[in-house]
Each structure stands twice: as structure tokens, then as C-alpha cells.
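What follows is one chain in C-alpha cells, specifically the form predicted on its own.
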């Protein structure tokens, strides 16, 4: 089938869903994107925007390789978004300094050096030469100069503008009530507006994704993990790099604010912010960056990251349900993995070789051997 005649329906209008739409539309595939609410109002814009392929990964393997690959795509991808939609994602190519405040943390960071890429150990003095406001309590740390950042809100706006200009049929406030199966293949979804049909259905609805597959005997373990963040501002910028320590990161933005996060709480779909947690985040940030003791409080918020039991996303087809592709469970790395996920789903839809081996990420990994045979 010619790509101009193909159609795709994407369920979920966060960063992942919009990134998939962007790649499919650029490949000439007609796309409809639906979301139960407004686009990018859940985990996507609650993030800090770190592209931490090195700093946030604690061991080598398939997931680390996926993160590195997506990171390599990022700069050109954001330039394409700016050219297409006219809005900058505010890509900032300053690195991340991962500081150790305890001996235990220092040893853990040093243990990564044999396998981690693009990392350099710095003494405390060398770290403060880069960021003079860092605490004198730090013991040294790792410099990740390839770990950059974007502004998640501006990335969302850039994606929305780009897919709109490319002709995406965007339907907000349109929840999917159930998948439509005909002739042994998924062919669309039921909504309050009626049936929406497409050659390919892609689920990218984060922590809400598994509800649509359960009627077909496929219970994907996806659960929300709340992350609370705060935003502070000082009279003048005190850091230019992202600084990070165990339990806390501080990400400076172009408007002079700093995003500080983030907690990891399995508490269902509760998005309320707690004063005690905000206080704990501020205390941790001040320990790393004492200048924040008297910083202006700007705002606080929470997002629900889609977690999985093995900490790996579900990316790929279901062998037992033709016509359906899953792209969910990216947990803390949805922003980082957006360009790679969009490209991989485009490659699957176009029946092209994928950029990486998707076996570790297949949604079928949750099936029992009996289910796989049947």
C-alpha cells in the first residue's frame, strides 16, 4: 500500500503520541490523534525536560542503548520541529553535573565509569570551577556533557504546531471506549462521536494504556508513579548547567526559573501536591545549591509517569492482535525517548527495519508461554 493511502489512529496526545504523529505524517501517512482531554496535559508537561541518557541510567543494556540512540537524534529532531511548526522546543546543549554528597553515592558513581559513555569524573574543585555556587559539601562527581535538556512545555507546543501544520486530525476530549476488532484485526476505536477506523491503531496513552488491551486477554502492567516538582527563581541565574544529586535535580530554564524534582510515589491517580514533599525537595536542593535558601517560590505541580514492573517501556506490535501497536510505559524517560519512539513506530507502520532490536521492549513479554502459543 502506498504511504499516502495509509491511515493511522493514535490514542494518547502526550509527547509520545504527538511524536509518533509527527513521524507518520512526515512519512505521508494520514493520522488521527485522539486524547481523553487536552493534548499534553498529563506527564509530558509535568517533566523537567532533562535528556539524561547517561545520568539517569544505572547499568548497561538494551534500555541504555535506546536512550543513547534517542539522545543522538534529539538536536536535529528539535530543529525539524522548529522548521515545521515555527515554535522552538528550547533545546539547551549545556551538560549535567551529577554530584556526590556522600561516600556511598561517590562509590556508586565511580562504579559506572567502566561502561558509561561520555562521562568524566571531576573533583569537587573542578565541579565548582564550572558551577561556582555548588555546595562545598560535594565530594566530586560525574560530568555528562552530552546530557542536554529541552523545555517540556515548549516541546509540547512545538509538536502540536508541527502536527497541525502537517494536517493531523486532532480530536481532544475524545476518550477511547474500546478497540474495534473485525476479521481478527484491530481496525479502530469506539468513541462518543462514533467509530474511528484506521489501518493501524497505536496506543500511546501512558499510565492509562492497558485498559484498552485487557478485553483481549492482554493485561499490561502499567501503573502511575507520581512525581512532584517545584519551580524557583533567584534574582539572577546561579547555574547554567543542570545539577543533580541523589534524590534531587535542578534544571535551569531560559526564563530564569529552575525546575526542581522529583519524587517517585506509587499512590494511584492522585495528582495532589503535599507541603511536606515540597519542603523536602527544597531542603535537598538547598543542600546542593545553598543559594536557593532564599529563592522565590514560583509554583508546584505533579505528574503521573507510566511505570512498568521491569522499568522498560512497551514498544512494538502484539503478535496475537494484528493491527495494534503499543508505545507506553516510558516512566521517567518519555521526553528523552520521544524522537526514537516516534521513529520506531513509523518504521513498524511502514514495515521498515527498526533502528534497534525491539525484542526487549515487546508488549508480548508479559504473556505466559500458553498465551503466546494460543
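Just so you know, these numbers come straight off a predicted model, no measurement behind them. Numbering follows the first chain given and starts at 1.
One more form of this protein should be noted, the form predicted in complex with a small molecule, which is absent from this view; the next part is about it.
**OP:** May I ask you to choose, among 50, 66, 31, 315, the residue with a heavy atom within 4.5 Å of the small molecule in the model of the complex?
**Re:** By the 4.5 Å heavy-atom cutoff, the listed residue in contact is 50.
Original post:
Among 115-123, 99-107, 227-235, 285-293, which stretch has residues with heavy atoms no more than 4.5 Å from the small molecule in the model of the complex?
Top reply: In the other structure, the partner sits against 227-235.
Original post:
Given that the partner is absent here, does residue 138 sit within 4.5 Å of the small molecule in the model of the complex, heavy atoms only?
Top reply: The answer is no: residue 138 has no heavy atom within 4.5 Å of the small molecule.
Subject >> Heavy atom of residue 335 within 4.5 Å of the small molecule in the model of the complex >> reply: Judged by the heavy-atom cut-off of 4.5 Å, residue 335 is in contact with the small molecule in the model of the complex.
Subject >> Non-hydrogen atom contact residue 204 with the small molecule in the model of the complex at 4.5 angstroms >> reply: Yes - in the model of the complex, heavy atoms of residue 204 and the small molecule come within 4.5 Å of each other.
Original post:
According to a 4.5 angstroms non-hydrogen atom cut-off, is residue 326 in contact with the small molecule in the model of the complex?
Top reply: Answer no; every heavy atom of residue 326 is more than 4.5 Å from the small molecule in the model of the complex.
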